[in-house]
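The data below hold one chain only, encoded as structure tokens and taken in the form predicted on its own.
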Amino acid sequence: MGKAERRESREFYMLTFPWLVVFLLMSLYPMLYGLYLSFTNFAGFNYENVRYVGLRNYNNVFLDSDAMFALGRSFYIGSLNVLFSTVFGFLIAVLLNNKFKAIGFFRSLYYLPAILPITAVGLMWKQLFATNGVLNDFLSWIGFQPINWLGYDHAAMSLLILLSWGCGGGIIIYLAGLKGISPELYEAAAIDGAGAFRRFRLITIPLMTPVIFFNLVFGIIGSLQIFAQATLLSSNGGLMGVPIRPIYLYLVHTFQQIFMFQRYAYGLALLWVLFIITILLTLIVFGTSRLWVHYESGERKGG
């Protein structure tokens, strides 16, 4: 190793050392300590009497009917959210990739929901979905009956609308990927007689699959962690409230167990079960990506 390489190595470790210290102390250590506590009878203030209980907490997770119901609802709403945000986000990004008047305004408009505080968004949509809210006023104005948006029949759909409204972060990533596609490819395809839809299907979609893959992975991770939106949308107790059954999600149940019932060790077990499920789903997506993720070199991921 030459003198220049040693200097670069020292600079690298000097620059990454602060991040590494913060990661070890603020992320890795609490995570591993939480894993240890999930195998104990920890109840928040019984440090002197903490004892090992084996897999009891994890066994209780799968025996808890509320936890399994909440997990099922998280899978259902999460899968629909990933589908809608991926499809709609991609199509909106394709539209915003065109050049027309005030394009900067529309890009900012679609991205704005992604940077608004979750609490403000949840309370805003709760007012919009209220019985006497703007949406029902509009329906009455055009001759339709008001809808109980936050009732049992429509609460899940209302939550999905709220989540889809905030897909602007993914749109920005899609736009970055679209900008990376060479216009010469579209020009060559147009010369060969390919129409707009054929160019979209044979050029845009294949070259955007790495970006779709990226958003899909982060969409799955984020969708399994939905909490504040569901709680703020249908409960009257803020973040401490309990949403109605159709949008009673897994993290809502975990929050209730930890902070309302002080079942800390059991709550940690709930979180680690979710962590393992998230890892497994991510590995499945990575494993299947070689079948559909394409790169400009013509190779596929994992191929």
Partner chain sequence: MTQHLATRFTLYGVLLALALVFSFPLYWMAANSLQPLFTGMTWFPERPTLANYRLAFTLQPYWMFFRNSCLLALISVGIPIITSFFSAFAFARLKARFKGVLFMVILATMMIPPTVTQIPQLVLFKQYGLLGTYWPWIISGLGGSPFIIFLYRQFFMNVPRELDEAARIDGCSTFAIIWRIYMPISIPVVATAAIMSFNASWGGDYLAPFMFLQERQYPLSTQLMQVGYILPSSPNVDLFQVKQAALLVFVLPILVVFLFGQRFLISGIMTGSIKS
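Quantities reported herein were computed from a predicted structural model and do not represent experimental measurements. Positions refer to the first chain, counted from 1. Between two forms, the rigid core is defined as the largest C-alpha subset superposing within 1.5 Å.
Keep in mind that the form predicted together with the partner chain is not shown, yet the notes after this line are about it.
Engineer: Should the three residues 145, 193 and 290 be counted as contacting the partner chain in the model of the complex, with contact defined as a heavy atom within 4.5 Å for each?
Structural biologist: Not a single residue of the candidate spot has a heavy atom within 4.5 Å of the partner chain in the model of the complex.
Engineer: Ok, 68, 37, 277, 242: which has a heavy atom sitting within 4.5 Å of the partner chain in the model of the complex?
Structural biologist: Among 68, 37, 277, 242, a heavy atom within 4.5 Å of the partner chain in the model of the complex occurs only for 37.
Engineer: Would you point out which of 224 to 232, 183 to 191, 75 to 83, 146 to 154 contains residues with a non-hydrogen atom within 4.5 Å of the partner chain in the model of the complex?
Structural biologist: The contacting stretch is 224 to 232.
Engineer: Residue 266: heavy atom within 4.5 Å of the partner chain in the model of the complex?
Structural biologist: Residue 266: no, not in contact with the partner chain in the model of the complex.
Engineer: Any chance residue 101 has a heavy atom within 4.5 Å of the partner chain in the model of the complex?
Structural biologist: Close contact exists here: in the model of the complex, residue 101 approaches the partner chain to within 4.5 Å, heavy atoms only.
Engineer: Just checking whether residue 255 would be counted as a contact of the partner chain in the model of the complex - the rule being heavy atoms within 4.5 angstroms.
Structural biologist: Residue 255 belongs to the contact set for the partner chain.
Engineer: How about residue 49: is it within 4.5 Å of the partner chain in the model of the complex, going by heavy atoms?
Structural biologist: Taking the distances in the model of the complex, the answer for residue 49 is no, it never comes within 4.5 Å of the partner chain.
Engineer: Could you list the residues in 10 to 42 that come within 4.5 Å of the partner chain in the model of the complex, counting only heavy atoms and keeping sequence order?
Structural biologist: The stretch 10 to 42, when checked against the partner chain in the model of the complex, contributes 11, 12, 13, 15, 16, 18, 19, 20, 22, 23, 26, 27, 29, 30, 31, 33, 34, 37, 42 at the 4.5 Å heavy-atom cut-off.
Engineer: If we fit on the core, is the Cα of residue 279 displaced 2 Å or more between this form and the one not shown?
Structural biologist: The answer is no; the displacement is under 2 Å.
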